[in-house]
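Just one chain is shown here, as structure tokens, and it is the form predicted alone.
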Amino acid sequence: MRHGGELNEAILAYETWGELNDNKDNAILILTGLSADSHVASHHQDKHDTAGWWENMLGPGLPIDSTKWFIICASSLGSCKGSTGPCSPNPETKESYKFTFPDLTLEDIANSSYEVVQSLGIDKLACLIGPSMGGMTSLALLLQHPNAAHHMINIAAGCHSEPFSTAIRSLQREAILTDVNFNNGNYSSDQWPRQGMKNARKIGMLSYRSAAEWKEKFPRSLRQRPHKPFGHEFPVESYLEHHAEKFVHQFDPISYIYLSRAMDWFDADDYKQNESDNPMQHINLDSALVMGASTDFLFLPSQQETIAKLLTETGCKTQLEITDSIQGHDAFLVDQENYGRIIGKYLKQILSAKQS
């Protein structure tokens, strides 16, 4: 691990879509956001398969077309979604790692995901795709393995976390750590840090969407008098409560704070040899698509502009797309019209160039 320590007998849970061609040159690796898992999309259009977190983006005939590409996605190392993380049993002690899990960085997540790619016999990815934390992890992968991919789609990310987004995540971690049931990590399913996880989720949801969308979604005309003093009076309160309740047991609290901290630790400037260097000077990409939303205040459009500028300076043919999506940071999940069109067109251009 980048900050010391090691994992033995670690597991990475991953899923694939499509078929790897004979030349093994049609592979796409998707790196996930903080709370997402390997299940990007369903594999079968029937009731026995569940929808994925990017269901309308990946599949036959969709922007990431599984009839043309071989797509791989692994649950992040350190998460609680099948891959080894703090809530996994340590093979030596048989007890959950909890805080004995080594310090986790995005570089560790990137390296472990790249191990999956190499284990499948793929020497070089056709394209690397990463939204949000996955976008930062994509940079972490290329900074360590400059020749790992021909192309990259980097969405709603930055070369590092700005103070505002670090403050948001710091408050989320604090909400979890100070929950009375957290008990220094010795919680159980019966004594779960429920309120801490709820509050962390609510803080996150506020930062994922834009103020303009909240205003459009919850007009004041929907206000109702609460049934008890200081109960939920405004519809936005009920909305946040509902979605926070759904999230409480979907993610392990220690995994959440490990991944959150990993985002704040990452800094592309760590790869500079000198102060004036471009940290990406050794990255060898043919082209890149860098995307963001004008309403995203968690990862500002200026951060995507910086990524695009640094990549362009390396000789990479870079396309920057800042959409006017109202959904803020979550636009890549919600605004399929804009993101699907732009991503689909870019991947078709890659295919056309390859075939010619």
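All residue numbers refer to positions in the sequence shown, first residue = 1. Small disclaimer: the values here were computed from a predicted structure and weren't measured.
One more form of this protein should be noted, the form predicted in complex with a further copy of the same chain, which is absent from this view; the next part is about it.
Trainee: By the heavy atom within 4.5 Å rule, which residue out of Ile122, Leu240, Val248, Val116 makes contact with a further copy of the same chain in the model of the complex?
Mentor: In short, Leu240.
Trainee: Within 4.5 Å, heavy atoms only, which of Gln191, Thr178, Gln281, Gln144 is in contact with a further copy of the same chain in the model of the complex?
Mentor: Going through each option in turn, the one that passes is Thr178.
Trainee: Any chance Glu162 has a heavy atom within 4.5 Å of a further copy of the same chain in the model of the complex?
Mentor: Glu162: contacts a further copy of the same chain in the model of the complex.
Trainee: Although the partner isn't part of this model, could you tell me whether Asn186 comes within 4.5 Å of a further copy of the same chain in the model of the complex, counting any heavy atom of the residue?
Mentor: Asn186: no, not in contact with a further copy of the same chain in the model of the complex.
Trainee: Check whether Ile257 has any heavy atom within 4.5 Å of a heavy atom of a further copy of the same chain in the model of the complex, and answer yes or no.
Mentor: Ile257 belongs to the contact set for a further copy of the same chain.
Trainee: With a cut-off of 4.5 Å between heavy atoms, is Lys94 one of the residues that contacts a further copy of the same chain in the model of the complex?
Mentor: Heavy-atom contact with a further copy of the same chain at 4.5 Å: absent for Lys94.
Trainee: Given the stretches 262-270, 127-135, 281-289, 146-154, which is the single one in contact with a further copy of the same chain in the model of the complex, using a heavy atom cutoff of 4.5 Å?
Mentor: Within 4.5 Å of the partner lies stretch 262-270.
Trainee: Even though a further copy of the same chain is not shown here, does it sit in the model of the complex so that Arg173, Asn199 and Arg223 each have a heavy atom within 4.5 Å?
Mentor: Contact check passed for all of Arg173, Asn199 and Arg223.
Trainee: Looking at a further copy of the same chain in the model of the complex, which residues in 94-108 have at least one heavy atom within 4.5 Å of it?
Mentor: Going through 94-108 in order - heavy atoms within 4.5 Å of a further copy of the same chain in the model of the complex - the hits are Phe99, Asp103.
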